[in-house]
Ligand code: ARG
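Only one chain comes next, encoded as structure tokens, the form predicted alone.
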Amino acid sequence: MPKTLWSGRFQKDLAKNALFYTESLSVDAEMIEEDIWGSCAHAIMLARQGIITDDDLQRILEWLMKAQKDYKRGKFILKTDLEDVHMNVEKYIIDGAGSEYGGKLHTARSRNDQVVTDARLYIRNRLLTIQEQVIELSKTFLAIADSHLTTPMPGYTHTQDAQPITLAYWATAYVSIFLRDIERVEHSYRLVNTNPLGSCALAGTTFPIDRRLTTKLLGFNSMHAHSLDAISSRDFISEPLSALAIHMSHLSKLAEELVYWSTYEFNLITLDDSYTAGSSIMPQKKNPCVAELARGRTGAVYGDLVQILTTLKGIPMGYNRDLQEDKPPLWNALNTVEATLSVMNGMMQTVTFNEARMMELAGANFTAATELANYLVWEKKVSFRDSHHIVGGLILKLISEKKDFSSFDDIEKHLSKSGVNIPFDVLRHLLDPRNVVEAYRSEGSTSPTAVKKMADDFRSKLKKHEGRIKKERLHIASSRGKTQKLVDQVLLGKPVKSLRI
């Protein structure tokens, strides 16, 4: 048996440096269980269609099961000189069962459709895990919202004090964001979960295969209809990467807020010691290193997306070896996002919110100015542009006098000069940030009533996503179990055509 399974027309072995340069085992070894599952389904289909015999199938499945057991026990050592996981598994079957049996496994199959089948089986599971993690992080934010429906804090635009909001309003904003992230990953999951097996090298096959059977056995939701497209395209890689990159941008936004909110100057939060680090020279330091790394690693995920898009931009139709470079960026992004979600959830579950400081800043620096202008419009029938000018002028005078919105007598005096009279007790009520947030009426606003409604809606949506993911996992597990049951029955000597599938 030649060293490589494709070397029949070659007179020389691949040069060692060329072999090192072209091997993909270091990347696709993660898919060995998917490769074995896919091979079992393919072999069952071949026998069911009469392309190989029941005896062929029994020997092939026997050694596929041995390969699986040996790999889990650490006895099946993958060899780099066999290039990839697919050749390793097939060579194991051939060496064990003999070429007259194992050599039939690759009938009506190419590594071109085999690798994308393995990848899709592997990726879909990772995408479900990512969605589950985002759901858990969303629940953490909803718990924060539940505990802080009326906790005032400053809202910012341009990183400048803007209007009072509540901590619950801020927390539910992230849940709103994360729900879209889940939907993007869900869409990419649907794109991934289609069966390319049977596309072969590019044109399909003259063998009478049943692609719908392998679709069923591998738990795919549908069959990839066009064989040339199935082996040529990698948008099932680039779309998940796009969704992950967008999600990381949102985690980076959160990380940035945690970084500056935890500064001495802001002092809005205290990060738990378990998610911070000290300085080798400055004893007093408590650095938000985990949040900073989350922010920093966002760029790496962006790079992963750019890498795959750059690889794909110049490839003609049909398989090209460039496509071997599709998995490293996605593997890296999946690992980075999973790790980042884990630590961000841990940080948010252990963070301490400084409510007194939040209240202080919520009412400082004229954050209630918009509400005062709105009051003039609503109660005094002043046009908004005039009220904006009146309140702006008031603030200018208070700043020049080194005063703020706590100086009610001065506010009364200056407003009266503009022909506006507001009683002292009304002003005090109007400019209190707790009353400002309570006064909002519009849907989606920062009022506790609106926030609670949004939180309940978000919780319901998360529950639906959980149900969908559970259903997908059960479907995959059922399909895998069905394949394994067929394998077991064949190994007991039952003809495959007699088995119910």
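Numbering starts at 1 and follows the sequence shown. Predicted model only: the values in this text are computed from it and were never measured.
The same protein also exists as the form predicted together with the named molecule; that form is not shown, yet it is the one meant from here on.
- Contact with the named molecule, judged by heavy atoms within 4.5 Å in the predicted bound form, is confined among 205 to 213, 313 to 321, 292 to 300, 70 to 78 to 313 to 321.
- Remark: Ser233 does not count among the residues lining the named molecule in the predicted bound form, judged by a heavy atom distance of 4.5 Å or less.
- Interface residue remark: Ser24 is counted as part of the site for the named molecule in the predicted bound form, having a heavy atom within 4.5 Å.
- Contact between Val115 and the named molecule in the predicted bound form is found at the 4.5 Å heavy atom cutoff.
- Proximity of Asp28 to the named molecule in the predicted bound form: non-hydrogen atoms within 4.5 Å are present.
- Note on contacts: among Arg124, Lys327, His148, Lys104, the single residue with a heavy atom within 4.5 Å of the named molecule in the predicted bound form is Lys327.
- This chain lacks the partner; the member of Asp84, Asp304, Glu90, Glu371 within 4.5 angstroms of the named molecule in the predicted bound form by a non-hydrogen atom is Asp84.
- In the predicted bound form, no residue of 452 to 477 lies within 4.5 Å of the named molecule by any heavy atom.
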